[in-house]
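A lone chain, given as structure tokens: the form predicted alone.
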């Protein structure tokens, strides 16, 4: 806070109890680097609530909240009067939103994650047809969990949210353990599924033991990628909707101005943006340089020097964005948003075509979605060239070949995988079946 703001006359009440922060609207939040805390606090600024109330309802300590507001003001995203008469909450009370505004703010619902991925996965037909007192859906889920149980997090195994409380974790464990407790299948014929059910039960029990112990859970959470809370996700969703609305309004305003603007004025503004792009490029900021050169081209399209600079800047800006997208894709995948993750991984590969993690994940997600399988094979083989001893890539490639009916190639990749993972019973069964059919 400034000296002017911290010096109050004859009151024990801090200045933040009277300050009503306002969103400036002059800067696009998406163009500014914001921490999750800053984004969360920015979303809560409604032009009515005092700074103190916003800090309290956000759950931040007072000093931390002050620092966050100072940072948001420094970035030009919020403001408040530094002297003289302050706005009151009543004066700043906003009008009720229109039905269109309400619909617009809620239109950015994220796609629901795939809750039953095993239903769309390819499994060995001999296992699905094996004599056992299990329906096909149950068989598929058992095969999926047994295959993925060392990849899934404890939360995914128990089918609970990352921030679930102890009560929900306990309830989930008892529900799932009933499905896989050996006593559940007493006197039932399970065949090869018997050992799989026992393995899953042990793994689920281990997950519960860790998550039900606060210290063990804290240590385990530290090993996982950061996952936002439901409140942070909701705040981010609403902030995104606001940003999209603001961007749309800015674009509409820009188009109206362009229609009214004489050609000479458009060319002059295009030249100014071009100069800014060159300046940003000299300062090693290709992302902003790309934004400026795109503005130049929208104002004065077809200019060879603008297009030449755009071609020079695009790969540099794209690489920076791709590196950010790689983190975003991992986060989307960890939250079960497979389609979003796939789109983001594909964007990464546009500018980082040899990024091994993006190649492997794009192939795996295309396989799960059963589309563009030949493209997925290409991604997988490129990833293998970068990491030839990666057993998981061998398994993915084998399953892709199997889906494409290329059984000879599938047999070769499964055999390579089995050399690295000889204990994988499912792959051993597939190898046996493939060899028998080739017979």
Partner chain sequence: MERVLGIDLGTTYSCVAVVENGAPLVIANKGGYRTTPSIVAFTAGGRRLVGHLAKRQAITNPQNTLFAVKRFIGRKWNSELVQQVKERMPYRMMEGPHNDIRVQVQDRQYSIPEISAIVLTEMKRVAEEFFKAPISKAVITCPAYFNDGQRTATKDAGRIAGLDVLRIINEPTAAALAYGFGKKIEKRVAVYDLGGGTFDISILEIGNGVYEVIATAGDTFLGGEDFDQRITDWMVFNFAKEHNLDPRTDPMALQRLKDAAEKAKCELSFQNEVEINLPFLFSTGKNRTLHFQKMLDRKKLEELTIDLVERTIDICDRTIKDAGLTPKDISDVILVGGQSRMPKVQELVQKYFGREPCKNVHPDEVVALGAAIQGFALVSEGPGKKEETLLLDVTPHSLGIMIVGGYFQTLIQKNTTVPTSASHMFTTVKDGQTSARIMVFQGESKVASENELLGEFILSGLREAPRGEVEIEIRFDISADGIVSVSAKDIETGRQQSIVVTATSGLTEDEVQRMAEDNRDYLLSAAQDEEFEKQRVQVEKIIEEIEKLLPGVGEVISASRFSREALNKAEATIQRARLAIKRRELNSLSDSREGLERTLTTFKSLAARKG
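Residue numbers count along the first chain shown, from 1. Since we're looking at a predicted model, the values are computed, not measured.
Not pictured, yet referred to below: the form predicted together with its partner chain.
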Within 4.5 Å, heavy atoms only, which of 282, 259, 178, 218 is in contact with its partner chain in the predicted bound form? 178
Option touching its partner chain, based on a heavy atom within 4.5 Å in the predicted bound form, out of 307, 209, 189, 159: 209
Its partner chain isn't shown here, but in the predicted bound form, which of 179-187, 240-248, 297-305, 365-373 has heavy atoms within 4.5 Å of it? 179-187
Taking the shortest heavy atom distance, is residue 131 within 4.5 Å of its partner chain in the predicted bound form? no
Contact between residue 319 and its partner chain in the predicted bound form at 4.5 Å, heavy atoms? no
Does at least one non-hydrogen atom of residue 253 fall within 4.5 angstroms of its partner chain in the predicted bound form? no
Touches its partner chain in the predicted bound form: residue 201 (any heavy atom, 4.5 Å): yes
Taking heavy atoms and a 4.5 Å limit, what residues of 157-175 are near its partner chain in the predicted bound form? 167, 170, 171, 173, 174
